[in-house]
Ligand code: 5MM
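Below you'll find only one chain, the form predicted alone, shown as structure tokens.
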Amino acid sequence: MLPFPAFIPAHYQPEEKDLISMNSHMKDLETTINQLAKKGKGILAADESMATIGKRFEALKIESTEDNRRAYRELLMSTPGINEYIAGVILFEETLNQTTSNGMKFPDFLRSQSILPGIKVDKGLIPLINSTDEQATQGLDGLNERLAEYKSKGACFAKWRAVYAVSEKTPSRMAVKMNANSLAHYAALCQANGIVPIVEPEVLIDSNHTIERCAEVTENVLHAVFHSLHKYKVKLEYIVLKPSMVINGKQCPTKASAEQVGKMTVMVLRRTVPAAVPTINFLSGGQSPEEATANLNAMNMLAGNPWNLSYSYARALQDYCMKTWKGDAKNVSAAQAIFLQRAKLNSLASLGKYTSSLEKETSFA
């Protein structure tokens, strides 16, 4: 068996039954996207795999048991007032099937707080064959059936992540094309099931590339993604784009300012993303909480953007909260206060109203 998902032919077209199904779900898609695209609100990514959250827990000496994972995610979702800043939460499959301490299913609990439940549907990354240091995303096999199951359990939007390593030779044309087709195939299946797809092409920042090189790669990636979305007849009005920001690599000796990140990110988006896309919710991709907030704010300081520019952060929303909680029930209230403040700051950034002086109000040290 080849160690990557089956390649999707360029001539693929959704079957007629899929198009009919999507049209019948149009009202569901419209209702969901209208809430996810609300100004001043973002999406919480709480969909870390067991391996990922296990590493984060381990660093804080928290045992990664099912109950601890459930308790931590309940802490996030039950934060008083969080629905002022969070429109939806991306869940891991384990959480979708869990209940709160009061016995309510998490999707039902979120809806009771006027927050939409979503679900991560990809099955993670595997090496891309005949390539070096590149990865492909698996999970298309059986996805249609899984989407129907997830919807029956309350999920109304989904997420699929593709990653692109940056070097002088990568991403390769093969990786760009394959990931674009996988993202588009996934998005078409989501819409056919009445589920809004989050399309997540992440240009990794683990190398020493400059912000200019990141802009070049991001433009090529987004061009390919939207070309494939068009081929697969995906309705752009009912997707959430979740890209990485245009930013220098972590090992680059020249660090870009927030103003540079904002200007170059918006420049690339204007060249590649149709105005039909209602909302672009960025991933933080290894940035510090403060950097992710400042960079988002810089984008929203620029006038004339046709899309809502907001956030879909994981660590940039959760980091200080988790460090405050430490797995101890007595720290829940303090951790929730930190989480609420971080969400509020990003809400302000999504409106172009954030200033760094507001960070002083955050009590985490």
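From 1 onward, residues are counted along the sequence shown. Note that the structure is predicted; figures quoted are calculated from it, not measured.
The same protein also has a form predicted together with this ligand, omitted here; what follows describes it.
Though this ligand is absent from this view, in the model of the complex it lies within 4.5 Å of a heavy atom of just one residue from Ser182, Ser284, Thr218, Thr279, which is Ser284. Comment: this ligand is not present in this chain, but in the model of the complex one of Ser64, Ser333, Gln35, Thr52 has a heavy atom within 4.5 Å of it, namely Thr52. The stretch that touches this ligand in the model of the complex, counting heavy atoms within 4.5 Å, is 308 to 316, out of 308 to 316, 26 to 34, 336 to 344, 295 to 303. This ligand is not drawn, but in the model of the complex it has a heavy atom within 4.5 Å of Arg161. Contact check for Glu202: a heavy atom falls within 4.5 Å of this ligand in the model of the complex. With a 4.5 Å cutoff on heavy atoms, His209 does not count as touching this ligand in the model of the complex; it lies far away.
Residues Ala45, Asp47, Glu48, Ser49, Thr52 of 43 to 60 are found to place at least one heavy atom within 4.5 Å of this ligand in the model of the complex.
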